[in-house]
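First, one chain by itself: the form predicted on its own, in structure tokens.
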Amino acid sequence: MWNVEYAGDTSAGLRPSGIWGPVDGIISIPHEARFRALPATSPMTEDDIQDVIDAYARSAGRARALGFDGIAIHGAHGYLIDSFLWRHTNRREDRWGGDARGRAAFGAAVIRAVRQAVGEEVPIALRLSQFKMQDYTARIADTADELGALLAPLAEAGVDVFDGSQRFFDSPLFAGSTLNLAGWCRRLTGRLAMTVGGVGFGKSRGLARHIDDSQAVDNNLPVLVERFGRGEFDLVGVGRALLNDPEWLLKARAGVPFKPFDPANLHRLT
């Protein structure tokens, strides 16, 4: 799977409206990095937008030529596609902004270009999130209807799998339902969905730190398996747990305890 990103430099990268994020967002990145990124830049021009769409397509085409059998596009966590989806950073009044469908137009154009570059048989996954590195409390949609309006153009453009990134997979997305982001993506679009976030970990006590030594290893796999069995999502992504304990999958299968969480394990080179 080839992961295509186009985020730009945090201090002067391309931005829909020149805005990086809020001055008081809850973040996990160093505060000095936020202050370097906060000064406004020029909004992207039509030429900028087309150049980036073309860059995604070229990268995806090269990945296909190299033999990769799928394309994963990062449209979450404050990256460029996400900056178009998020109303805080997308203040545009042209075809690339405005209502939910307008804010999804850039992502849809990227998906269409990638689809044209790789053909109809190659699966395309798109990662989405509510939270951003610029603000953990950010939301791209406050209601299921608004999320559906954002997702529809992306699904129509050719997304096969929606990768719903959350800090913890078992956090409900909207009041009145236990569905998480992946579950809502699946319900609203009928496309495959993948969940990710805190598989194997307990809830962090910190407001903004998603890598935290307070994340004790809990056995939340029965909850995950039960929700998977209900058809809420089709795939599960595991990140930190595997980095912390390379034998995690074998232990999960065998039902044996995992290695205690240690942040140092996430940074080892071997």
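We number the residues from 1 along the sequence you see. These numbers were taken from a predicted model, which means no experiment stands behind them.
Same protein, other form: the form predicted in complex with a small molecule, not shown, and the subject of what follows.
Task: Heavy atom of each of H74, H77 and L243 within 4.5 Å of the small molecule in the predicted complex - done: Answer is yes for this spot.
- [ ] Counting only non-hydrogen atoms, choose the one of 85-93, 189-197, 105-113, 141-149 that falls within 4.5 Å of the small molecule in the predicted complex.
- [x] Of the options, only 189-197 has residues within 4.5 Å of the partner.
- [ ] Answer for G239 alone: is it within 4.5 Å of the small molecule in the predicted complex, judged on heavy atom distances?
- [x] Contact check for G239: yes, within 4.5 Å of the small molecule in the predicted complex.
Task: in the predicted complex, S165 touching the small molecule (heavy atom, 4.5 Å) - done: Output for S165 is yes: heavy atoms within 4.5 Å of the small molecule.
Open item on the list: Please tell me whether any heavy atom belonging to K132 falls inside 4.5 Å of a heavy atom of the small molecule, as the geometry stands in the predicted complex.
Closed with: Taking the distances in the predicted complex, the answer for K132 is no, it never comes within 4.5 Å of the small molecule.
- [ ] Consider F201 of the chain shown here, and say whether it contacts the small molecule in the predicted complex, taking contact as heavy atoms within 4.5 Å.
- [x] Yes - in the predicted complex, heavy atoms of F201 and the small molecule come within 4.5 Å of each other.
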